[in-house]
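Encoded as structure tokens, the following chain is the form predicted on its own, with no partner shown.
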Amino acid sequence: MSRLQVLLVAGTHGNEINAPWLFDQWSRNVDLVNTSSLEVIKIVGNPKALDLRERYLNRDLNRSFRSDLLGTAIGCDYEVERAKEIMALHGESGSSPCQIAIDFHSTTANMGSSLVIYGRRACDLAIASLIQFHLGLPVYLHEMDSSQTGFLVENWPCGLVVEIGPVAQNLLDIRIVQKTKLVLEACLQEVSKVLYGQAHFPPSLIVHRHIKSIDFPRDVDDIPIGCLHEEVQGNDWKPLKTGSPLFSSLTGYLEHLDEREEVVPVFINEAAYAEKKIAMSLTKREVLPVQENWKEELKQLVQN
């Protein structure tokens, strides 16, 4: 039988505390989470940041898995060293290698429960299709954004991010914990079905493909001159058409969407993205037929 190991990561950002709390409770009660008989390794991505309840110490850990950073000498920022450590332990060539990585996050945006995949790797698309069919979760396909790279899950043969929200940073919310547990168990159940030849793939995968991220409008001093319009705030996954209001202010400022096609905003007003000058990301809904090579590559990864 396969020597499959699944890496489960919580606390990649230290102020996202619900998934780490679930992992802690799970460590105290090994029967708390149904692993569908899979061998799993669960870790806290950024334990020092979690202790401080800060997003990170020196740099965003979830942007620190770039090949140029992983290849640097000792003495780098803590997050780069932590990325190297995780790879040395559980990377494909690590001392206890994992084939699949699932990274659990929470968001202040009204994203609900959703999946994020990076690019169009066959295994990622295949597993996302199974989980979407199981739970009906929306999928954010993040690609073609050179300003946002170095994500943890990109360094495993198969990997995806789970986002659960909305919840404030550093706020423990049992509803978020329960939703995290639900998605975690569904992910493992679907991987287990692939392992034992019982997976039933849907005919298609619905994704929201990343187009671009946009910032708040700013003045010459880099101060925002507009807030998100009330019709946009909190309406993640709801389509916007050309001419829809985006930003407004108390002084009458108003900015409208100028995209030619209907777009779907995600991560609207995510608190953690303020430092990245992202007010929201715009996506386009696409339906992708589930390809045979997606299925075969995932089966080979899991079963070999």
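None of the values given here were measured: they were computed from a predicted structure. Heads up: residue numbers just count along the shown sequence, starting at 1.
There is another form of the same protein, the form predicted together with a further copy of the same chain; it is not shown, and what comes next is about it.
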task: Taking 4.5 Å between heavy atoms as the contact cutoff, choose which of C227, I211, A88, I206 touches a further copy of the same chain in the predicted bound form.
output: C227
task: Quick one: from D173, D145, E81, E154, grab the residue that has a heavy atom within 4.5 Å of a further copy of the same chain in the predicted bound form.
output: D173
- request: With a further copy of the same chain left out here, work out from 113 to 121, 229 to 237, 126 to 134, 194 to 202 which stretch has heavy atoms within 4.5 Å of it in the predicted bound form.
  value: 229 to 237
field: Joint contact, Q189, D258 and K299 to a further copy of the same chain in the predicted bound form, by non-hydrogen atom at 4.5 Å
entry: no
message: Under a 4.5 Å heavy atom criterion, is R28 part of the interface with a further copy of the same chain in the predicted bound form?
response: yes
message: If we define contact as a non-hydrogen atom of the residue within 4.5 angstroms of the partner, is S249 a contact of a further copy of the same chain in the predicted bound form?
response: yes
- prompt: How about E270: is it within 4.5 Å of a further copy of the same chain in the predicted bound form, going by heavy atoms?
  reply: yes
Partner proximity in the predicted bound form: L32 to a further copy of the same chain, non-hydrogen atom cutoff 4.5 Å: yes
